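First, one chain by itself in structure tokens, the form predicted alone.
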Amino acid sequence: MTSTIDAGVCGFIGLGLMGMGMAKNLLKKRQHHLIIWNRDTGKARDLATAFPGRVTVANTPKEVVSTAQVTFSMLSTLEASAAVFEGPDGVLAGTGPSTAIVDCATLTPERMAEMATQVEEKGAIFLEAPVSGSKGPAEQGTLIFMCAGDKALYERVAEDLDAMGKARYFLGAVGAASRMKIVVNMTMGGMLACFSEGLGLAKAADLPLEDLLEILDGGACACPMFKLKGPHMLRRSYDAAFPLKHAQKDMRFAVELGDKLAQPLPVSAAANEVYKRARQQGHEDDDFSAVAEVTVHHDKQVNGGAANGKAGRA
């Protein structure tokens, strides 16, 4: 269905690792004027400078929502979501019958359902739309959207989602998209933790790690994530595309969901503990591939941190 908001005013809240790339793709590929808000006002001003005449920097989230025809939100944590959504000048304060909210964060299903109820009680409409992909796909416009909630809103913003991503799925009632995102990130986090253990075992067995990467890439274990992350893990280079603290948060969400559903998740529970240990060693703001510091480079740890300070940082 063709979007009904071409050349309209679109809101965007949250210009972090993911949100900045997403907002830029809306500006490059669509004809919207963006009204934006970010806690770091410098990032908002930088975006306005990069797209003169196309971007308005709002003073509050309330101003964004009360002005825009559709507002996209991309906030990284439950705490940030609550503060921005429910604050005195937050999203809810600006919500009314003409409001449409598309929340792209990775939150719990319960939190998404609560937000949807609060929005709908004000006569507005809500779509949850978490994404699969990290900083690179956000910049490239190749995210995968998992959506649930108001089907008409999903169809209304279809072209906007297509500008930011390569695929989109509508999964039903609010909560379903967050559950799917948790499953996806749990699987990804578990895979990387196991990969890291494999590198660690090969190292302990005095095997050439570069050869291991080639052997894995040439067989049934080949996958884009191992091919991308493996060389960085060997070099201890962890510039954040997906911060480890967020990966561990998502593993925790998965374990909690498993507990609620009485679904055994022994592998994911163990992987969660490995990510927690990496956080304790000071790698929470590094890329989640820094899990290698626990299983591959643990012999180089000094006093709970990397031997040369922040691992992999020039």
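All residue numbers refer to positions in the sequence shown, first residue = 1. Each form is matched to the other, and the largest set of C-alpha atoms that superpose within 1.5 Å is called the rigid core. A quick note: this is a predicted structure, and the numbers were derived from the prediction, not measured.
Beyond what is shown, the protein has a form predicted in complex with another copy of the chain; the following relates to that form.
A.B. asks: Does Asn25 make contact with another copy of the chain in the model of the complex, using a 4.5 Å heavy atom cut-off?
C.D. replies: No, Asn25 is distant from the partner.
A.B. asks: Does any part of Arg111 reach within 4.5 Å of another copy of the chain in the model of the complex? Heavy atoms only, please.
C.D. replies: The answer is no: Arg111 has no heavy atom within 4.5 Å of another copy of the chain.
A.B. asks: Taking heavy atoms only, is Gly200 within 4.5 angstroms of another copy of the chain in the model of the complex?
C.D. replies: Yes, Gly200 sits close enough to another copy of the chain in the model of the complex that at least one of its heavy atoms falls within 4.5 Å.
A.B. asks: In the model of the complex, does Gly123 have a heavy atom within 4.5 Å of another copy of the chain?
C.D. replies: No, no contact at 4.5 Å.
A.B. asks: Given the stretches 113 to 121, 100 to 108, 163 to 171, 76 to 84, which is the single one in contact with another copy of the chain in the model of the complex, using a heavy atom cutoff of 4.5 Å?
C.D. replies: Of the options, only 163 to 171 has residues within 4.5 Å of the partner.
A.B. asks: Go through Ala254, Ala247, Val64, Leu34 and name the one with a heavy atom inside 4.5 Å of another copy of the chain in the model of the complex.
C.D. replies: Only one option qualifies, and that one is Ala254.
A.B. asks: Given that another copy of the chain is left out here, which of Leu234, Cys194, Ala93, Ala158 has a heavy atom within 4.5 Å of it in the model of the complex?
C.D. replies: For this set of options, the contacting one is Cys194.
A.B. asks: Even though the chain is shown alone, can you say which residues of 195 to 225 have a heavy atom within 4.5 Å of another copy of the chain in the model of the complex?
C.D. replies: Read in sequence order, the residues that approach another copy of the chain (within 4.5 Å, in the model of the complex) are Phe195, Glu197, Gly198, Gly200, Leu201, Ala202, Ala204, Ala205, Leu207, Pro208, Asp211, Leu212, Glu214, Ile215, Leu216, Gly218, Gly219, Ala220, Cys221, Ala222, Cys223, Pro224, Met225.
A.B. asks: Superposing on the rigid core, do we see a C-alpha displacement of 2 Å or more at Val65 between this form and the one not shown?
C.D. replies: No.
A.B. asks: Taking the rigid core as the frame, does Ala292 move its C-alpha by 2 Å or more between this form and the one not shown?
C.D. replies: Yes, because once the rigid core is superposed, the C-alpha of Ala292 moves 2 Å or more between this form and the one not shown.
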